[in-house]
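The form predicted alone is given below as one chain in structure tokens.
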């Protein structure tokens, strides 16, 4: 076996399903639909895959116990080495990271990386699946929900930097409009800042148009070692950097204005990829945007701009598809949808398509050679980052 991390790993195929609420397909069927698309693009069949990594969030979403085992055959893992990873919303980018180490280590030459979520199976609403993640003594008696704590984080971010709701709303306007060009998008819309500000208040300052929808869907990538990738394609997309970091579960102990854990994950990935100046070296980024303020928050945590600067860059058009630093040209979670694990994996697939020039109407105007995908999860505590180059 070659020394861990010495082998280069490429993405050579990607696929995704529609992102929708209440899709008729089972979770297994969604997995296979996206996997078949990815395999077809890579020019491979299931027999050519040596290992499978599955990423999927709480079992409660799909309404079954041991969801990793339940989805295994749909993910193509029958009689193959199989691993499930799960770090909440960060799962979608951590899944290809796990696939990367399967191949980089020398253990396998090919790996199918599958991320799936079927949130509509969880009644009365998927948010209830998270009730038990809160500390039973310190937090749960407060009746806390995810939107409740994200509202605290959003409010703190706005307060520290003097950011207005109008500035944050521009992210929702941009991403939902970008999603008009995405064939799988769940909530593509042409909306205005005023539409966001006039939408229903869920938990101030979070309003309905500030937040991504609950979704069903799957996204898949095919990973291959360098010698295999070069036999199969003339334009592989290399995974040049990976990073992850988890902070304390106790969000009450941290200043929520800045995601330090995202910075730590980014520094790990940048170091591995040899990136010294992220805003100048990253051509396109898909950052995790379950709420509109999180795109801004994560841009700062990824050091793509200075703290408090992301709203101004958005206002100036820097983050548009034709801007100097396109952010979420796909439409992101706000526009395409948010099937938790599959949402982060969708971002990895989008960077793959961008770097190959295969993003269609979503293609950024600049010649993109280096891309970043990032996801965020658990109790505002986890970051996963992947750097890809063509």
Partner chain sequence: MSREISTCPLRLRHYPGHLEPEYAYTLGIAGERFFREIKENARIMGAKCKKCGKIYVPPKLYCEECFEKLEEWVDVGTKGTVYTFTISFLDEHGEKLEKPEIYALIKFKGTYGGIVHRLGEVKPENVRIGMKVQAVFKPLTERKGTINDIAYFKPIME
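Positions refer to the first chain, counted from 1. Fair warning: this is a prediction, and the values are worked out from it, not measured in the lab.
Although not depicted, the form predicted together with its partner chain is the subject of the following passage.
Although the partner is absent here, residue 322 lies well away from its partner chain in the predicted bound form, with no heavy atom inside 4.5 Å. When contacts are judged by a 4.5 Å heavy atom cut-off, residue 39 counts as touching its partner chain in the predicted bound form. In the predicted bound form, residue 121 approaches its partner chain with a heavy atom inside 4.5 Å. Although the partner is absent here, residue 75 sits close enough that one of its heavy atoms falls within 4.5 Å of its partner chain in the predicted bound form.
Judged against its partner chain in the predicted bound form with a 4.5 angstroms heavy atom cut-off, the residues 32, 62 and 136 are in contact without exception. Of the stretches 76-84, 278-286, 301-309, 222-230, only 76-84 has residues with a heavy atom within 4.5 Å of its partner chain in the predicted bound form.
The contact residue chosen from 317, 162, 141, 274 relative to its partner chain in the predicted bound form is 141, the criterion being a non-hydrogen atom within 4.5 angstroms.
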